[in-house]
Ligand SMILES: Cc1cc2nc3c(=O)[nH]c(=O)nc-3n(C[C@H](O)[C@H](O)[C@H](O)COP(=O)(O)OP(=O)(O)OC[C@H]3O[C@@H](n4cnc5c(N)ncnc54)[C@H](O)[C@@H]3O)c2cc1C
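Just the one chain here, the form predicted alone, laid out as structure tokens.
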């Protein structure tokens, strides 16, 4: 659904990453774990898709986090409280099979953002948050509030586990009990983590990221390849069963 939302706050998380809270009562009431919000960036025609980082139906607010990567997100990083932004949401299929389950959420970089809201829906949530180095770590206290345990990893070993996401997940699966794994992050990370999870006999769900145009399934800009043929990330995803994804396509 389309909704004219009002900016509540814009907070800087690090030198390139921001947290944006919007008053959006209709979207907040409808939002489910892993769904998207397509947000208008001031001065640009095409919306930008962001995984919903949090939603509060009682307060009528949603939260999205983003990294400045181009002119559109640079414009979005300059909005002020009270500004009005048109948002299409909540859209897509999210993490729909996690209620009541012991879930390991694995996020890489900005891929951690939609996992924060998803963790609220799990029976027992554990988070493995992976970053390039300690300067990129964000939202760890937020995850600590909704997860039983959180584990941090950095590629360079500057904080937490020294190594890649798949290595950490392999260790966690060997020493903890989980029912399924939910992953969002760089494609290679999702591929390797899903291989570890599926190899251990666990269900695994991945949230894919593709460039999007219309956001309603018409333009086919965000098509991905699956074992069942072409799928549109905006409305068929962004979350897919890892067994369906053709990583080599």
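Positions refer to the first chain, counted from 1. Please read all numbers here as calculations on a predicted model, not as lab measurements.
Beyond what is shown, the protein has a form predicted in complex with this ligand; the following relates to that form.
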query: In the predicted complex, the one of 181, 196, 65, 27 near this ligand [non-hydrogen atom within 4.5 angstroms]; finding: 65
query: In the predicted complex, the residue from 125, 116, 153, 110 that sits within 4.5 Å of this ligand by heavy atoms; finding: 110
query: is_contact(residue 55, this ligand) in the predicted complex, heavy atom dist at most 4.5 Å; finding: no
query: In the predicted complex, residue 72 touching this ligand (heavy atom, 4.5 Å); finding: yes
query: This ligand contact at residue 202 in the predicted complex, heavy atom, 4.5 Å; finding: no
query: Any non-hydrogen atom of residue 212 within 4.5 angstroms of this ligand in the predicted complex; finding: yes
query: Which of 131 to 139, 72 to 80, 96 to 104, 116 to 124 sits within 4.5 Å of this ligand in the predicted complex, heavy atom basis; finding: 72 to 80
query: Sequence-ordered residues of 32 to 50 touching this ligand in the predicted complex, heavy atom within 4.5 Å; finding: 36, 48, 49, 50
